[in-house]
Ligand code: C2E
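The form predicted on its own is given below as one chain in structure tokens.
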Amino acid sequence: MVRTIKSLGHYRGWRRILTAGAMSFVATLAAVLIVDLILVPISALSIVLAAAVGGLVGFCWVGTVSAVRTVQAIGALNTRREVALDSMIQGLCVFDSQYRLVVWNEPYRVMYGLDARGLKRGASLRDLLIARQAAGTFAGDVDDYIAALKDKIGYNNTFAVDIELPDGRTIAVIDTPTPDGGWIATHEDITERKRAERELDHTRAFLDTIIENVPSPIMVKGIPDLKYLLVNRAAEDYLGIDRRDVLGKTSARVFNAETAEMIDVADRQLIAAGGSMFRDEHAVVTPGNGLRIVTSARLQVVGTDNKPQYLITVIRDVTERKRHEQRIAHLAHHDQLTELPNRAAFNECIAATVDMANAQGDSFAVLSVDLDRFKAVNDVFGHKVGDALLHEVARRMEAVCQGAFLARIGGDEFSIITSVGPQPSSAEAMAERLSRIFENDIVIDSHSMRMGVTIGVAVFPEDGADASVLVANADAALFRAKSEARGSIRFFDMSMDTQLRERRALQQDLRKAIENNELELHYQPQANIDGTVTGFEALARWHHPRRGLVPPTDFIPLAEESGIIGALGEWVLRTACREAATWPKPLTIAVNLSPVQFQHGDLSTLVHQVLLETGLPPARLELEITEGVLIGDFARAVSILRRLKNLGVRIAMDDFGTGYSSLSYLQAFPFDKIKIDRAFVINLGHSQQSATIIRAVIALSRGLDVPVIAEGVETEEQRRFLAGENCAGYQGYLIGRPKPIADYAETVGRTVIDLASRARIA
């Protein structure tokens, strides 16, 4: 009825009622008057009352009809309102000033999983939150939540908050206070939007991380102002300044004028042409890293309006690569220690010099230079001092070789190509100047050293019409000079060529000597000081088909120079062990090892295999090494010696006393035997120094508990001296010369029957 009255209060409602009442009044009055005239006279008061009653009836009828229609309209309006509210994406709820629920929609109920039967108008906020707790969509404290909400509404400002539901959903709530003290709240499920935002943030962070860590400098500019918007870490390192000093600035404010102009021209060209642009290696002066050599790729990025928006530049800094290439090119043609040209550069230079001399009809010379006593410096003072010495030698030689080409060929060998001019006088003058610069001592790390040079010279075209022949003949002259007199100067002559060719021919014949069965072993006895034979040393002999017996002093150095020593040493080891394994008496067999054998291959594995193949007990094999084995890669040599000794074989130091570091080597490795060089034994009776050295070595060996055997004992007098000094044993012509093992058949325990059996087997 209240809603009806309110409805009737509208202007159109009252107009209808008044009209209806007036019409009813007039109609009733007319009807009464007609009755009065025709049928029964009626008083005026009755007429008026009848008309009034008619008007009142009209009023009631019209009002009732209007109210019904109004209620129907309000119901339809409410239905449309509810449909509209339930069609919202957001949940909606309205509270009055008493924090009681006035309006809500279905999305709100569904969003929080509330029972429709439990929702009613007038429900308190507390009841609503408790219902949400029961539904599992509210996890906080009810009182704290209400207190916080009241505090925020009290400011009479709209406020928003994102809440996390226990099931993981995120709801965005916007509370808007109303004038009557209540508020309207909208609730929107933004879970997917938040997930998308997180994924977008993750993607952005991922891309930022990728771009930041790309090893190539990347810079992005805005178009059209061409100010830097992005600079990654690599670009920051490339520029050499903090990126904060770059961002928001143009090239002109970052680079010098010339570089900035170059960059701007390239940028403008790309903007005008569109697409992308690559620029090959070019120089850029960076603000913090100086001159850099780079390649650059530029790419124009179009915005959503299809207009150029960004310009991306990717830089590849090839400065270090260029430096490495230059360094590699330098190293390929220069010696790293002395910075002199190396063999490769020398070969190129001499080829070019030969061509030029041929074209101009000129002459020049090649000098092969070898340092004297350099090996002793390395042995005594170590390689660090040796390297410093080579550096100083190179400096002095450069000062002399002005106008000539000086190269370090390797080790302590140098080669010089003189400039064209009168020969051989120019070459001789240069060789003499080289000799004079070493007349004074060289001081390295407080060590004073006296050096010298031996020089071989070959002149173009007399001594060789092409580079290879000329160099070979200069080497031949050097070889002759070293053989005849260290510190001398020798020019090439044909006799040297003949000698060199013979040496090369002998070297070639040696390669075939093993397979042609031209090699054999002779055995020299080793004995206790009382003359009891304890073993033999195996010594290689070469019976050349044309030259006859070639001395070991000739073919062993050849084998070491050419690399044949590996195969030769293996043959000697295997043959000696096989022979010793057949001896009835368990005598030892000594085999010499070359320093070259320690530099190539697996020596310990070879010895182990030979022992297994031949069946020789390891304790019967004695390996003799010289000091040269330990010079060079000392650690590697000692490691190999230890592996050999672990096999059970014995290790002897041969030629003891002739080197420079023999004593230090005794300290570094536990040798099983020391062999005194024959040079000291031969001089017994003629040189007091030799006797003193032998006494010292024997005394040293006793202190180290290492037996000593003396080589080269040829007389009884020498043996008696050694016996008097308590020398353990000896070797030499006095006990026996090197001979085929058949000559020592009785010594090794073979009988006539044994010899006959071996002959039949052979």
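The numbering used is simple: start at 1 and walk along the sequence shown. Predicted, not measured: the structure shown is a model, and the values here were computed from it.
Although not depicted, the form predicted together with this ligand is the subject of the following passage.
- Note that among 540-548, 348-356, 460-468, 272-280, the stretch whose heavy atoms approach this ligand to within 4.5 Å in the predicted bound form is 540-548.
- This chain appears without its partner; in the predicted bound form, the one residue of 393, 367, 340, 593 with a heavy atom within 4.5 Å of this ligand is 593.
- Between the options 556, 234, 514, 577, the residue in contact with this ligand in the predicted bound form by a heavy atom within 4.5 angstroms is 556.
- Taking the partner from the other structure, this ligand in the predicted bound form has no heavy atom within 4.5 Å of any heavy atom of residue 189.
- Shown alone here, residue 552 lies within 4.5 Å of this ligand in the predicted bound form, counting heavy atoms only.
- Under a 4.5 angstroms non-hydrogen atom cutoff, this ligand in the predicted bound form has residue 678 among its neighbouring residues.
- Residue 725 falls outside the set of residues with a heavy atom inside 4.5 Å of this ligand in the predicted bound form.
- Residue 624 is the sole member of 600-628 found to place a heavy atom within 4.5 Å of this ligand in the predicted bound form.
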